[in-house]
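Before any questions on binding or motion, here is one chain by itself as structure tokens, the form predicted alone.
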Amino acid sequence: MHTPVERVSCKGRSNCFACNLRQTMVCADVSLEDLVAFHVPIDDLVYPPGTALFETGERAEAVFCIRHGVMKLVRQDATGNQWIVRVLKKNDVAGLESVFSGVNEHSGIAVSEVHACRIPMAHFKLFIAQHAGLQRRLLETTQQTLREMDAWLSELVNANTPARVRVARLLLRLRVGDGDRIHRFSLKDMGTILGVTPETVSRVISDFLKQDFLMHVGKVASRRHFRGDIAALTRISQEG
């Protein structure tokens, strides 16, 4: 069940000039002068875990530049089963798939607390038309997304690869930056991504914890991350 929208908090208008992520965001090639007009209608929002930033089939109202946290893109098939098709983290842009279709192709759900800049779709499309640098960056982002989807299918969903290997690969994909922290998904979500049961994921995670390849972070009630032995997880991820 998704968190009610009214619990989403607004920290005010986004300040593109003071953003320390600007050079890695989609608008990196846009001059500061042009950003004067661009950043005016952009809200800086905080979404609690479980909140839907957007829902499948609804009109696409905005794109979201993720500044903090992690979210999942969920697709529902004809039988009602839900599949997690991609995970987005800091510096990623959610909603690009719907820029020209006008309809959300996935549901975007916050897994941890997500801080995101919400850019109205009409404003974003107008800015694309006016700036060649942004067009080039969007093509690069699209190519990167296609590579990610190919890797997702071949590395995580391939049933011929042992579950232990695929869990290690997924944990590495959930890594926070270049450190040893790893976003913690529920056993059900991890099983949905990998196409295995939550019990299978639980056994692998328990094994990793016993071998100190993973360690808990924080109090039980508020655990949002693991600490990982990145070298060990990388070694396991290459076994397949």
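Predicted, not measured: the structure shown is a model, and the values here were computed from it. Sequential numbering from 1, following the sequence displayed.
Not on display, but discussed next: the form predicted in complex with a further copy of the same chain.
* May I ask you to state whether residue 75 is within 4.5 Å of a further copy of the same chain in the model of the complex, using heavy atom distances? => Yes, contact at 4.5 Å.
* Does residue 135 reach a further copy of the same chain in the model of the complex if we count a contact as any heavy atom within 4.5 Å? -> Output for residue 135 is yes: heavy atoms within 4.5 Å of a further copy of the same chain.
* To do: Answer yes if any heavy atom of residue 158 is within 4.5 Å of a heavy atom of a further copy of the same chain in the model of the complex; otherwise answer no.
  => Result yes; residue 158 sits at the interface with a further copy of the same chain in the model of the complex.
* **Contact flag, residue 91 vs a further copy of the same chain in the model of the complex, heavy atom cut 4.5 Å** => Heavy-atom contact with a further copy of the same chain at 4.5 Å: absent for residue 91.
* Asked: Any chance all of 81, 106 and 149 sit within 4.5 Å of a further copy of the same chain in the model of the complex, going by non-hydrogen atoms?
  -> Yes, because 81, 106 and 149 each have a heavy atom that approaches a further copy of the same chain to within 4.5 Å in the model of the complex.
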